[in-house]
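Next up is one chain by itself, shown in structure tokens, the form predicted alone.
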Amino acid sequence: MPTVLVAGGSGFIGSFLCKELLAREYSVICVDNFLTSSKENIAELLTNPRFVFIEHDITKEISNSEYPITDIQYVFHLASPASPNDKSPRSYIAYPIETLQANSQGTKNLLDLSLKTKARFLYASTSEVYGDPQMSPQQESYWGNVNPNGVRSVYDEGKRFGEAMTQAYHRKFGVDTRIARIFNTYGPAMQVDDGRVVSNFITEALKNEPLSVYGDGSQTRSFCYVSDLVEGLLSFMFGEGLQGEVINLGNPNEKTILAFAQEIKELTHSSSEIIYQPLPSDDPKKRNPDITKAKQLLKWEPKVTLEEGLRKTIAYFKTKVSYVSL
């Protein structure tokens, strides 16, 4: 079977992707520097003969890594901090320069590797390229409403630059590239302290601590379970005739943050109260993917309901959080 390189493979989504690739009999090279990810996510994979782990910073040339990489057919680029919460030690706010480098120089290094090995390349972009959108749901043709100087710009503009670099290699060198714009994704293996809304709410609810809602809670998000998202990434990468395409991957079922907090309370049987905090700078008011292209080109759409996914995620968090038994 072909060999797949997954940059950021020990992260939340990356580790699920590595596991699914191995289950489908691919050989996997996982590259990560553990800046915001965890060795625990890939511990069970290290004994698999078709799995190779390389601890490496992708902002440095891949060819200078300890293990020469010459025979690969596919490259997934998922390597970047992704949490916007400035209170989290794993956020891109804590690592602004590293986030910009991972999505600029890191993207170029991986594209150079793809060009050299003639590998197909998939860039994991984000719904954040749409910024605080003035249209909803967001279609791939929408150019976005992004503050280039705001606190979130290191991620938003880093990903927009990564998309431009990816398309440049496709147009100039003919590299078979694909860009997936990933919307809010959740599930087991999320870091408890990653600062994103799902992990925050579940952790607070399990501890019966107040659930912190930013603003009045009327802003919306759409939550996609990780197994659905990974299936979309695989369909995109391995589908034929998709070079140069940009496709949204996410769950189109929109929910206000306040309603989401209340659902977490109910599912955890928590006595937590809901409190309101100031809305962070440049926080999007709407986040909802138009997945028409994914349905048409990939024959893909999410299958796991929010309640089903949250129950699985809560069960995982109960193994990681000292919580109050109710």
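Sequential numbering from 1, following the sequence displayed. All values derive from a computational prediction rather than experimental measurement.
A second form of this protein, the form predicted in complex with a small molecule, is not displayed here; the remarks below concern that form.
Peer 1: Counting only heavy atoms and a 4.5 Å cutoff, which of 277-285, 294-302, 42-50, 27-35 contacts the small molecule in the model of the complex?
Peer 2: Every other range fails; the passing one is 277-285.
Peer 1: Please run the contact check for Tyr214 against the small molecule in the model of the complex: heavy atoms, 4.5 angstroms, yes or no?
Peer 2: Heavy-atom contact with the small molecule at 4.5 Å: present for Tyr214.
Peer 1: Tell me, yes or no, whether Gly195 is in contact with the small molecule in the model of the complex, where a contact means a heavy atom of each within 4.5 Å.
Peer 2: Taking the distances in the model of the complex, the answer for Gly195 is yes, it comes within 4.5 Å of the small molecule.
Peer 1: Taking the shortest heavy atom distance, is Ile54 within 4.5 Å of the small molecule in the model of the complex?
Peer 2: Outside the cut-off, so no.
Peer 1: Given that the small molecule is not shown alongside this chain, does Tyr74 nevertheless sit within 4.5 Å of it in the model of the complex, heavy atom to heavy atom?
Peer 2: Judged by the heavy-atom cut-off of 4.5 Å, Tyr74 is well away from the small molecule in the model of the complex.
Peer 1: Taking Asn85, Glu128 and Arg221 together, does each of them reach the small molecule in the model of the complex with some heavy atom inside 4.5 Å?
Peer 2: Yes: each residue has a heavy atom within 4.5 Å of the partner.
Peer 1: Using a 4.5 Å heavy atom cut-off, which residue among Arg152, Arg160, Arg120, Arg181 comes into contact with the small molecule in the model of the complex?
Peer 2: Flagged contact: Arg152.
Peer 1: Identify, from the list Tyr225, Phe236, Tyr169, Phe201, the residue with a heavy atom within 4.5 Å of the small molecule in the model of the complex.
Peer 2: In short, Phe201.
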